[in-house]
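What follows is one chain in structure tokens, specifically the form predicted on its own.
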């Protein structure tokens, strides 16, 4: 057991946890002032609920047993976790993966902003973390998972986290419908400085998210950290370039969105690519995610805070381009098409993206539809007009 590697994974776990309040600020600044506490609460609450579910059953589904689809109860209630001890303690790995489990359902909240009942939200993400996230994490991160065994690469969760959450967001949006007044009433961000703060926290925490996924304090972690910075930087530049060309302005919101798009896209390849690849990936993601906004508008999907455009499209871009840019000189795994590896890896990446995406959409739609038809997912019209802060939490973020 290596103390340096253990220390790095423990610090990385803390960095990833810090991303969830960062996400709360990122999203909270973009909603209207009457819904900011509702958004903060949905994100912060995930830290409590999902951590508990992960300890009881989630980790065991993802990492127990040797089946390719779903785990067993070997690690339920944290039994036998110490049996995983190798280069790092089993509980260090457990904690690091727990933080991934926490932030993934929280990502969905940006798409459903302003209209979810809090109690229904709790049921939604609780079921989702067991039925959707834990199996998807197994497929991608567990050596027994079918996607892992197939040979597809996902260093830190482009498919398991971002495609997964993005498709789930689309499914829930289709079930609950658009916000009242969507398309006819202005719904501008109420506090962009809050969004900038959230972007900074996300960017900072993402170093643990990506570099920590090396599970060691080594050269791969260092490469992943550099790739993370460059992916975010060029994602921002790519988004702002096309925004300036299209609208004549480079906006603060665009800078934040572009940086996150770049971070999302570099996540699956953070430990598998090198050289100028992260800059190309970030730029392509910034541009692609910006233009995805027009698809969303064309389809009339009320993805309130662009989860589909940024996380789904960014995750797809990052997962697929890894089939071109993977370099064995970085991590010794597989070469992509541009490094003489042929088309095999690209095919595996495509299958992984489609497999996770289809599973997430179908399963999430079923969960959301079931909740909608029973206790209801959406607040009533009067509550939506008043805002979630008052109707769901009896609080106000700002003095009147």
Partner chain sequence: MKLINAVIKPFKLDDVKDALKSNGVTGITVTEVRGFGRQGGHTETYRGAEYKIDFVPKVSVSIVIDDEQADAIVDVIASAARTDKIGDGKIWVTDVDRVVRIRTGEEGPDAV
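Residue numbers count along the first chain shown, from 1. Nothing here was measured: the structure is a model prediction, and the numbers come from that model.
The form predicted in complex with its partner chain is left out here; the points below concern that form.
- Shown here without its partner, the chain carries 188, 239 and 305, all of which come within 4.5 Å of its partner chain in the predicted complex through at least one heavy atom.
- In the predicted complex, its partner chain stays beyond 4.5 Å of every heavy atom belonging to residue 62.
- With a 4.5 Å cutoff on heavy atoms, residue 299 does not count as touching its partner chain in the predicted complex; it lies far away.
- Using a 4.5 angstroms threshold between heavy atoms, residue 216 stays clear of its partner chain in the predicted complex.
- Within this chain, residue 87 is remote from the site of its partner chain in the predicted complex, having no heavy atom within 4.5 Å.
- This chain is displayed without its partner chain, yet in the predicted complex the stretch 289-297 from 129-137, 289-297, 217-225, 264-272 comes within 4.5 Å of it by heavy atoms.
- Of the residues 73, 192, 329, 174, just one reaches its partner chain in the predicted complex with a heavy atom at 4.5 Å or closer; this is 192.
- Between its partner chain and the residues 368, 30, 353, 53, the one pair within 4.5 Å by heavy atoms in the predicted complex involves 30.
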